[in-house]
Each structure stands twice: as structure tokens, then as C-alpha cells.
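Take a look at this one chain, the form predicted on its own, written out in C-alpha cells.
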């Protein structure tokens, strides 16, 4: 698995995050080496060794891949990690490397808004796609004859949760591989490979890097044949991250546990405050004891994420609420240290009400953020 300087498998999340992927220390060299900018490497003689061409490998990727692996699959020696140019590049790498004409895939119908585009492309290639909601483990009923099950839990933006272990066992019994989109949970909130999944896939753009300045994705896999196909897909398509992006993401992982704990705690406070508001309906946060997903989430998640979703009565009310926020940016991402929110229906790709809000809680002082949200709700009613 890892050649990092200090074994971190038995350490806590904070210790692991701070030291994840670091190389053996070298006198007078930085703890985390700077990004390596190279399209090619000096390569006399036969093309052997770890670094031959910049589309295939890069030392900066290697360190980041080790770091992610130590968070997603600590102590598991049979896994491999690959980083990509974006979360969608990572998602596509699994789906399009594992499936071919005549195969069947099972996807959620309430997942990330780009999944319908993926479905259309899969079907154009002669792949059958079946879909069902995340909640209630509804994908169980579609597994017969499937080659790949794609799970997104918690789902984005609705925050439904499914039982990963149950779905994995059912899929494996039918000979299907299982991939889990772990973006919203992060590896500090959930470890799909420990729950039996074959792949854990995520957008590192979100909470992993956490500063809204990097596009990145990754795949962690335990099936050697399957991950080899993913690596081949990356080579063919060239969906590789820049060394600077990889280095920024690795640097940011050191504060991951601090950010995640702060953001999750504040998200719970925001959700509790929203629960008391009569104009708020459809409130979802898996960390709320009365959330429909809480029982399952509590069994497989160690932290419940930084995203809260809810609905205001009308589109106009939602827009007024967003305009009135002082500490929350109106942006279409989540997981950053600065809180963001948006009326998700403005994109047209999610089956959500017009007044549906996805709020990503940042690292602001909890009391300040809660006060800002409540004040904006009051102002939006005028």
C-alpha cells in the first residue's frame, strides 16, 4: 500500500491526515516536496521505472494517491488509488472502463446532476441502465443480471442514505461490482471499501481539498483487474490532474480532520435551527436523530457531512433568502471552508422543488453562521 514516512494505520484521523502520504524525510528538503512539473522524464535505455511520461505518472500524484489511500483504506494492502482531473473524470473512468455493449448498470435516479448525461452516453454505447432511488435500498430490486452497481450515499442533493453493506452483499452474490460515490461523506465520514465495495470514488474538488480552488477526482479500488482497467482508461483519455492541483490537494489534506469536524458540528447546529422554522419543509441532514436516514447513517458513517438541504415555500422566497445571506456565497459546490448555498432547481437537472436549497456549511464561527441563516430567513419573508 504505502511507502510513507511514518505508519499511520493505527493513528487517529487527525494524525493520519497530517502525515498521510508524506515521503521519508530528507535532510534540508521540505516535508512535502513541491509539485513536479514534467511532461517527460530522463529515460535512457529500456523504459522501466516508475516515471516515464507525464500522462501516465507523476511523483506529485504518487504522494497524493498514497495520502488518499491511507484515509480511504487504512491497513488494506490490496488497494490502489488513482487521481484524476475532476470528480466526473473519476466517475467516468469506473463506468466506462468496466462496462461495454450488452452489459447492465444500476445507477441512482436521485444522484449528482451529471449522472443523467452519463446514463445517456452509456445507453448510446449499448449498455442497459436501470435506476432507482437511493432511499429504502431500492436499487436492490434491479440487480439481476447487472455487471456494476453505482451507489451515491448520502445522495446529492437530497441526502438520502442506503445500506452499503447490504447492497454490496446482494450485488456480489449476483456477480456485480460495486462503486460508491463517497464525495459527500469524505473518507473521514465513511469508508466504502471497509463495507465491502470494490471502488470508492470521489470528487476531491469538494471537502477533501476544501478551499474551492482545485478541480480533482480519485478512485480507490481493491480489484486488481478492475483498477488496471481504470488506469488504462485514464491513459487513453488523458483525464489527469495538473501537478499544482495535486500538490494543493495534498497540502489541504493535513487540515481535513479539523475542517470536517468543525463543518459537521456546525451543520448539525444549522439543521437544528432550521427545524424550528415553520417556513422550512423537507429538512434533511443525516446527523439529525429524527432524519429518515439517521438509523442507517449511524451504522456506516462516522461523520455526517457538511451539507444540509431544505425547501422554502416558493422560488421567490428561496432567491430572497440567498440574496439576504451575508456569510454564505451563492455557488454551485460544497465542502469548502466558506459556506455556500444555492437554489438547486436553477440548473434543471435535479428533481427537486423550486424552493429547494442545498446549503454547504463552512468553517465560520457556528453562532455567526446560524445567526446569518436565521436573519436571512426573516428578511426573505418581507
Ligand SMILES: Cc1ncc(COP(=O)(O)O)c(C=O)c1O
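Positions refer to the first chain, counted from 1. Computed from a predicted structure; not experimentally measured.
Just so it is clear, the following notes concern the form predicted in complex with the named molecule, a form of the same protein that is not shown.
Exercise. Kindly confirm or deny that 156, 203 and 215 each have some heavy atom within 4.5 angstroms of the named molecule in the predicted bound form.
Key: All three within 4.5 Å in the predicted bound form.
Quiz item: If we take heavy atoms and a 4.5 Å cut-off, which stretch out of 236-244, 275-283, 169-177, 88-96 is in contact with the named molecule in the predicted bound form?
Solution: Comparing against the named molecule in the predicted bound form, the contact stretch is 88-96.
Quiz item: the named molecule isn't shown here, but in the predicted bound form which of 181, 160, 198, 72 has a heavy atom within 4.5 Å of it?
Solution: The residue in contact is 181.
Quiz prompt | Contact flag, residue 334 vs the named molecule in the predicted bound form, heavy atom cut 4.5 Å | solution = Heavy-atom contact with the named molecule at 4.5 Å: present for residue 334.
Quiz item: residue 310: heavy atom within 4.5 Å of the named molecule in the predicted bound form?
Solution: Looking in the predicted bound form, residue contacts with the named molecule do not include residue 310, since no heavy atom lies within 4.5 Å.
Quiz item: What residues, if any, in 139-154 have a non-hydrogen atom within 4.5 angstroms of the named molecule in the predicted bound form?
Solution: If the 4.5 Å heavy-atom criterion is applied to the named molecule in the predicted bound form, 139-154 yields only 152.
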